[in-house]
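In the block that follows, a single chain appears as structure tokens, in the form predicted on its own.
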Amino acid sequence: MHPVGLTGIFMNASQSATSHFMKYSPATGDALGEYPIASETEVTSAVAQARIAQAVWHDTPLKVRSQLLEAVLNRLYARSQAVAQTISQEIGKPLADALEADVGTALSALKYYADLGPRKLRPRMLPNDMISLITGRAHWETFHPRGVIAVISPWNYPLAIPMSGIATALMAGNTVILKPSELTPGTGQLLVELFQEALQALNLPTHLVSLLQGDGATGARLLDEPIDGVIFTGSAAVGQKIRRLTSEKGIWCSLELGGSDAMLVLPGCDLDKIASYALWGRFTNAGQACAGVKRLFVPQELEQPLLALLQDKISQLKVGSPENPANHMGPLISEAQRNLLSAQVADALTLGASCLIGGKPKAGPGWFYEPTLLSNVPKEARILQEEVFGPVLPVIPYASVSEAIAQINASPYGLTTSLFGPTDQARVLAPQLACGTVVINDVGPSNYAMLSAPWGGWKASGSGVSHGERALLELCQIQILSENRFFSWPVVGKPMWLFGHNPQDLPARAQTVLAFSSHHLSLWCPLRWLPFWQNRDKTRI
């Protein structure tokens, strides 16, 4: 029995009386499909079957693991349009956005780890220290899978985010159970179907990757099972509960918990470029991105010209059906999300903020919200204090760079910061920013597509990383293989530290260890230990 009750670990978790749930389009309200809710028995069975499959996968050569990722890559590439269409329907993002941000990043993840894994997961010899050298020791670092990994993924990038975790976990030799968001069940189903087909074609156990549909209660049940690790992307509140739970269970977890990311503009920048970068950084995916530009800091003297440029560019954004390729932005994911955003904007306006454009839901069906530009926003406004998932950009003027950095760092979040300005100056300022990634002269969201760069946050933005070699090694248990190569050499005999009869050995032994450990190898040292070294076998017990 676990020390924490899990049925309420997720916000909005509920024990549904029905065995299915419906998914509706956020753009039209039309039903998109009906999906099963995994029962408690099905959750338990999925973990048990994944455990059996993992025993086979553990011993599978790295080359075969890589071949699996390549096989999934080829299938995803062939069906990229159909997969993107499902993502577009479920979230409401434009088809081009789904292809670029989700399908493109997922393909990159598969290819990156298929190439990286065979090179990085081979046993590797470690460099020796002085004591190791003189005692004939050699050390290797070896990599072993953790076991069964639960991947609990969000709805805003329902292919790119889980694919990164799944590809990394499989390459490291783990099995995976995916619990997608109940807001994007169709994408989760397609993702697992791609793996199932590839596994069957390669004659590998199909339970290497399995799917559990459902809501927060389903995720809670999965965490209550004897799994070996969790990759979670979602809210900070749920992430903190998962952190406590996994700590109590003694299992590994990686958490990406969102942010309130800033864009800091230094003097001397091209304002038209700045406005265009800020526009995409805030309004891509209708502002529903963890690393979106949620606070724009600009020098006081540049505030008004930049606001004018932003207002003009925002007025050119087309908001509407994701089926229309001319539209830049679709709806928010749900009515609840739009209501929350409306409340955050209303709070800012009540406290004295100015709305230069937008600021309200878009008329008509669907959960659309107008792209919004705010100025004169007080520091205590919710729009600056909370994570904001929606198309609202507050612009904050600053008198000095140190003042701006202090305000940026005051946020409880620390995922990314976008820093625009002269490269030399930006590099000096970057270490002062309390976040996991500083992107110079580009915006934070774009960095998620860079698979070689580790992705992770500080503070309330999470712990652990995805992407890069570090993420691959985090999904391994490291074992050190240490070998005494002198053991079988008759001429060497027994080492000096074994128990002996002669108490006069002790000073010489101690001096020898200290000398070699500190690399102070003065001439008298060998002369002191030579006699007892020659008689070591006679004095060792």
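The first residue of the shown sequence is 1; numbering continues from there. Since the structure is predicted, the reported quantities are computational estimates derived from the model, not experimental observations.
Missing here is the form predicted in complex with a small molecule; even so, the following discussion is about that form.
Residue in contact with the small molecule in the model of the complex (any heavy atom within 4.5 Å), chosen from 328, 313, 338, 241: 241. When you look in the model of the complex, the only residue of 164, 187, 89, 156 with a non-hydrogen atom within 4.5 Å of the small molecule is 156.
Proximity of residue 216 to the small molecule in the model of the complex: non-hydrogen atoms within 4.5 Å are present. Of the heavy atoms in residue 254, none are within 4.5 Å of the small molecule in the model of the complex.
For residue 298, no non-hydrogen atom is located within 4.5 Å of the small molecule in the model of the complex, even though that partner is not displayed. In the model of the complex, the small molecule sits beyond 4.5 Å of every heavy atom of residue 112. In short, of 417 to 425, 231 to 239, 201 to 209, 79 to 87 it is 231 to 239 that has heavy atoms within 4.5 Å of the small molecule in the model of the complex.
Although the small molecule is omitted here, in the model of the complex none of 97, 275 and 307 has a heavy atom within 4.5 Å of it.
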